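One chain comes next, on its own, written out as structure tokens in the form predicted on its own.
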Amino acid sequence: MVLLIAVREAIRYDPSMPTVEHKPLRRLAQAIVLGTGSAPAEALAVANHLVDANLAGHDSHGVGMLPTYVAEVAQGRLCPNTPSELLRDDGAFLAFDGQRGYGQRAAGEATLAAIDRAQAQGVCVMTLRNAGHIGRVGAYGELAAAAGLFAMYFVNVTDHPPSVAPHGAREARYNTNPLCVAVPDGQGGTAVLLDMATSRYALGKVRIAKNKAATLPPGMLLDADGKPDTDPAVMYAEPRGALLPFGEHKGSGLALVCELLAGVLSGNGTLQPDNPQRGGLINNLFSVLVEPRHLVDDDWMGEEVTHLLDYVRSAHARAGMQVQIAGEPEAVQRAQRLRSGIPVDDTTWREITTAAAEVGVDSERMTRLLSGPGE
């Protein structure tokens, strides 16, 4: 579960971009979500999740999603103040329906229930279906790891057309279908957090590149004719282009696995065309949470994980590269952005401002939220 990676351009801090401190950004995000009709607790949960994603360097799942949420609420595809429904409770198995409510609330509540069940019984298999965009999946892995549990999450994305081409194909048949594996450190934290899309580039990162008028690295995209392209705009034109899976056939295979595990076992279905699509952003999730004390000695486990990670870090880095454990780039970004602020490009900021106005947060109130102690 250890990933050796280079610090990629997609997560590198850009000091030239305007930045916003995380506390006022939380206030603004909460006000916008409140404006969509959410109760204060739900709005706070969604806002905190979004800003925490920004702090972790995952701007694709941060406050730039707010305009999408505002539009989906207006179109009736996202339903504020809609609690998850417990569909099945059978020993180690829990199944929830998010009922098109805010996914951060649905997935957070479902994960907390799964944590309680895994701690009581040693393992919990939990599914969530029909939830609005659940955001950064790693956040739920961190919750599980903080409770001392190993956790695996597999997610599919339905309700809108596919964006990722299978290996060898020229047109899309999957969405970015993320997966997450979290390993506890034995001290109430996370030792390893592998949180990744099965595409080479997350679709949200393509949106950010488009907003910045930037190009993507070669090998990420196909245009509508199936030819390699670097212009993110091909994903927002008709006919659309397609993202490529990471790792050729390996990423394509994992995307299919996520589609089957999350779509089939949740009971909400896959992206196959016989299932209806309303044009929204719906996530289904399949997860397994394990209490390791039922399998191995707790002290031995902590030492073994530590020794392995130390051994991996001891490898000599290639020129221009870094040896890192999955989850470390997020920790680096979090520390840096807590000090220096969260960068937000001009186009994304204009989109957020427009969305805020649509739900009654005008420019004067935005100024107060961003400069004052809060409301």
Ligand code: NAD
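For every residue, the number given is its place in the sequence shown, counted from 1. On a predicted model such as this, the values are computed, not experimentally measured, just so you know.
There is another form of the same protein, the form predicted in complex with nicotinamide-adenine-dinucleotide; it is not shown, and what comes next is about it.
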Query raised in the report: Is Arg100 close enough to touch nicotinamide-adenine-dinucleotide in the predicted bound form, meaning at least one heavy atom pair within 4.5 Å?
Result: no
Query raised in the report: Are any of the heavy atoms in Arg26 no more than 4.5 Å from a heavy atom of nicotinamide-adenine-dinucleotide in the predicted bound form?
Result: no
Query raised in the report: Looking in the predicted bound form, any heavy atom of Ala151 within 4.5 Å of nicotinamide-adenine-dinucleotide?
Result: no
Requested in this report: Give a yes/no on whether Ala165 approaches nicotinamide-adenine-dinucleotide to within 4.5 Å in the predicted bound form, heavy atoms considered.
Outcome: no
Query - Every residue of Val46, Pro80 and Gly280 near nicotinamide-adenine-dinucleotide in the predicted bound form, heavy atom within 4.5 Å - result: no
Report summary line: For nicotinamide-adenine-dinucleotide in the predicted bound form, the stretch among 237-245, 188-196, 218-226, 71-79 with residues bearing a heavy atom within 4.5 Å is 188-196
**Report entry** Heavy atom within 4.5 Å of nicotinamide-adenine-dinucleotide in the predicted bound form - residue from Leu143, Ala202, Ala110, Leu271
**Finding:** Ala202
**Report entry** One residue of Val63, Ile325, Leu34, Ile342 in contact with nicotinamide-adenine-dinucleotide, assessed in the predicted bound form (non-hydrogen atom, 4.5 angstroms)
**Finding:** Ile325
Report summary line: Looking in the predicted bound form, the residues of 82-99 with a heavy atom no more than 4.5 Å from nicotinamide-adenine-dinucleotide, listed in order, are none
